[in-house]
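The chain below stands alone and is given as structure tokens, in the form predicted on its own.
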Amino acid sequence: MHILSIETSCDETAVSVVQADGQFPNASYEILGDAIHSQVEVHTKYGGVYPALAKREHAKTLTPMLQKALEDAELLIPEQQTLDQKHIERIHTLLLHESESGMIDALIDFLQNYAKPDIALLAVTTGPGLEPALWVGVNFAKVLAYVWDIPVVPVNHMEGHVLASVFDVVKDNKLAPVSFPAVALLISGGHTELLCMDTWSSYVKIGQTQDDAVGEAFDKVARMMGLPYPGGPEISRLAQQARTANLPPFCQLPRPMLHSKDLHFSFSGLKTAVRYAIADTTLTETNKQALARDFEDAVTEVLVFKTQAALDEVGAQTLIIGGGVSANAHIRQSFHTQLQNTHPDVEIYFPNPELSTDNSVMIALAGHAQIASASNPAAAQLLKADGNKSL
């Protein structure tokens, strides 16, 4: 079956076409089309993602991404179509709030010039994320479901990250044969949480941040240091330079909640400690390198320590690490090195780098996992975005 997936939870506009052969979780997957538009340049001057701008950019780029994904998948069929007045009125109603972006005209033009593609299922992110951004993707999916008469699966963005981490896109295009129970650590700009999985699609949250997410802390500290957005890769780059040069510490930073005897996290205090450490200080390049290393080390130590505790509490056989921060090379290496000593029998999975950040391939995987919850085209019109949606 062909799955068309849509992702607009934050600042990436992504549409994919994935072919699924077989039943979840033993299916094989082929990425036929994958179109993604990053909004980094739009948000860089603000030092972070502005929801209203993200919403506008999604509205402008979703139709072009749809066209590109279908074209790459060789499912784009140029053929004049007639949309009756009922269809056009429904499109205007669903996309009313995107009218200023030109989205309505662009999508109507597309639907009138291309035939219904060979798509069996739509999968769309309904949360968590920035709610204005999510609604653009959700309403876009509603239009396609209505016009093309295709069922829709609402997808939890975080389940997408879990499945992306165990998807072997290099070897055999299948999900890894995970041994349960498993622990999943999801680390991104909006989330830091530990989940217990007894089987596929079964999630119990056992730990989460009490304030800032780890990716958010990276970005905020980078902004304090005068580094460009997104700050995570910049801090990682400087930290590696400090390790290569074996620089002495810039300051002593705390390890928040390291011994709190629970599985929760807190990064707000660490961020505040950095602010105090650089107050009234003009940072040299060497200072920035050392401070970046000090901060990254503190974050990594907390993540590894809490995750080790979670593995022990659950008796886990597998550790799944996903989300944008999972691309951090030092965090990856630290988990592999330290767990090899403390938990040598635990299998560790990270996503391929291209699937660590927000993408629509992972939404197709999660859609296939939740295919039983697919809504028929009529019921799909009731789908809602939920910025605080939880697994």
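Keep in mind the model is a prediction, meaning the values are calculated, not measured. All residue numbers are counted from 1 along the displayed sequence.
Below, we turn to the form predicted in complex with a small molecule, even though it does not appear here.
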{"query": "Selected contact from 289, 156, 209, 188, since only one has a non-hydrogen atom within 4.5 angstroms of the small molecule in the predicted bound form", "finding": "188"}
{"query": "In the predicted bound form, the residue from 307, 139, 236, 300 that sits within 4.5 Å of the small molecule by heavy atoms", "finding": "236"}
{"query": "Heavy atom contact within 4.5 Å of the small molecule in the predicted bound form, the stretch among 77 to 85, 107 to 115, 255 to 263, 316 to 324", "finding": "316 to 324"}
{"query": "Complete contact of 193, 349 and 351 with the small molecule in the predicted bound form (any heavy atom, 4.5 Å)", "finding": "no"}
{"query": "Contact of residue 328 with the small molecule in the predicted bound form (heavy atom, 4.5 Å)", "finding": "yes"}
{"query": "Residue 61: touches the small molecule in the predicted bound form, heavy atom cutoff 4.5 angstroms", "finding": "no"}
{"query": "4.5 angstroms heavy atom contact with the small molecule in the predicted bound form for residue 127", "finding": "no"}
{"query": "is_contact(residue 98, the small molecule) in the predicted bound form, heavy atom dist at most 4.5 Å", "finding": "no"}
